[in-house]
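One chain comes next, on its own, written as structure tokens: the form predicted on its own.
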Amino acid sequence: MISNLIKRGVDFTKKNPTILYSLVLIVAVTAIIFFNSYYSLRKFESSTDKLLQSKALLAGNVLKTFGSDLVDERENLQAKIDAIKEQDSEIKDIAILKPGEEGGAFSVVASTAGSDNVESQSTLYAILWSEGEAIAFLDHDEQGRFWNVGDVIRDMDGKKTGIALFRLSLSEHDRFVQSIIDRVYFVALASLVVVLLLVVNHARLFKYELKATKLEEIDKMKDDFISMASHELKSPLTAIRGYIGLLNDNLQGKPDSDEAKNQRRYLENMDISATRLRDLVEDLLEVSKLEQNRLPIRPEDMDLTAIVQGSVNEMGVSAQQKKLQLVNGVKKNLRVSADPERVKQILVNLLSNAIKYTPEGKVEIKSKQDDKFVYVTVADTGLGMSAENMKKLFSKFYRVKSEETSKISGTGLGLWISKEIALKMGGDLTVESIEGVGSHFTLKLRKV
């Protein structure tokens, strides 16, 4: 199982070599963190060793100072070094020695260690006595590392009278440093594990990114295909509608027979179908242009009142055919910054929808304004819609489905196109509706 996992990882890396950069970068960062921490700890350890050496030398000087007065007073000297050791847990051993008569072997005056342990270092005593200067060096035994400090004790006249020995344990210090090093190891290993998990997750995300890229490519191909197909469909549709018009003209002069009536009905149905197909093609072209950001929008200082009146005049016949009132209540002298052609496209679409979805009553277009925007509302007394339908209304290809709307033709693209155009002009398109009461569509445009 592990070998298969490794093989899959290698294969994935071969297909996507850019992931190697992420791996190298992550491992490098982890290594830098680890070695920086390790180096800093070692420097800290070296500094503390020197600090402890200074402490040991200072303590040795203190021993030498009071030892010069008490070198012949064993009991008092022993009491003092025992008290010093009890007060400081880092002090391992203290010993005061004096030489024998006529250069004889050194004997222990006072010590916190066994006599055998102290007297076994006769070579150290001889060096100290002959050099007459303090020495300090690191040493270790089974209990750990320690500083060895030795110095010569002198009387008031500067005559050598004995030797002071001092051992400062580094066990607690070493345990502290080791615990930090262990934590550094643990953190480094934990970081490496986390990093590896991130790499695995990154690999998964990379797969999703590849899929997303492919989906974008497919989506672009789809848009290109829709654009091409729509353009190709426009020509034959124009020809079909032209032939329908010619056939209809030829029937005008013929007697009003049953055959002629049937032919007119067939031509009317054909024209309706061709018109619906033309509307769908045009909407698909608009969607394609909007998604590819190729729809020309040229904002200018324009008179909104005139555009509204032109849209009302264009849709007046449709309203009359359904016996609906079409009321223009827009105020005069409304100046906005927008593309006149696109504003009219939106208004015609809103008026067309209002007329189609209003069985009886009226459709009214009115306006209001504030400091920054002008609001044009198309209000109807039609079917209305639920709150759930309003949430999806501006989605592509979405249409309210009900028994009343099933026979009303439409592509489900007009409102999406209108809202996108409004947004691109710096405005917006919103809706308020109550089911069975009617709908209010409001176009927001920037004032000049």
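Keep in mind that this is a model prediction, so the values were computed, not measured. We number the residues from 1 along the sequence you see.
Quick note: we don't show the form predicted together with adenosine-5'-diphosphate (ADP), though the next part is all about it.
Heavy atoms within 4.5 Å of adenosine-5'-diphosphate (ADP) in the predicted bound form: does residue 366 have any? Contact check for residue 366: no, nothing within 4.5 Å of adenosine-5'-diphosphate (ADP) in the predicted bound form.
Using 4.5 Å between non-hydrogen atoms, is residue 399 touching adenosine-5'-diphosphate (ADP) in the predicted bound form? Residue 399 belongs to the contact set for adenosine-5'-diphosphate (ADP).
Using a 4.5 Å heavy atom cut-off, state whether residue 311 contacts adenosine-5'-diphosphate (ADP) in the predicted bound form. Taking the distances in the predicted bound form, the answer for residue 311 is no, it never comes within 4.5 Å of adenosine-5'-diphosphate (ADP).
Can any non-hydrogen atom of residue 393 be found within 4.5 angstroms of adenosine-5'-diphosphate (ADP) in the predicted bound form? Heavy-atom contact with adenosine-5'-diphosphate (ADP) at 4.5 Å: present for residue 393.
Considering adenosine-5'-diphosphate (ADP) in the predicted bound form, find the one stretch among 268-276, 187-195, 353-361, 239-247 with heavy atoms no farther than 4.5 Å from it. Careful reading of the contacts points to 353-361.
Within 4.5 Å of adenosine-5'-diphosphate (ADP) in the predicted bound form, which residues of 388-414 have a heavy atom? Give them in sequence order, or say none. Residues within 4.5 Å: 393, 398, 399, 400, 405, 410, 411, 412, 413, 414.
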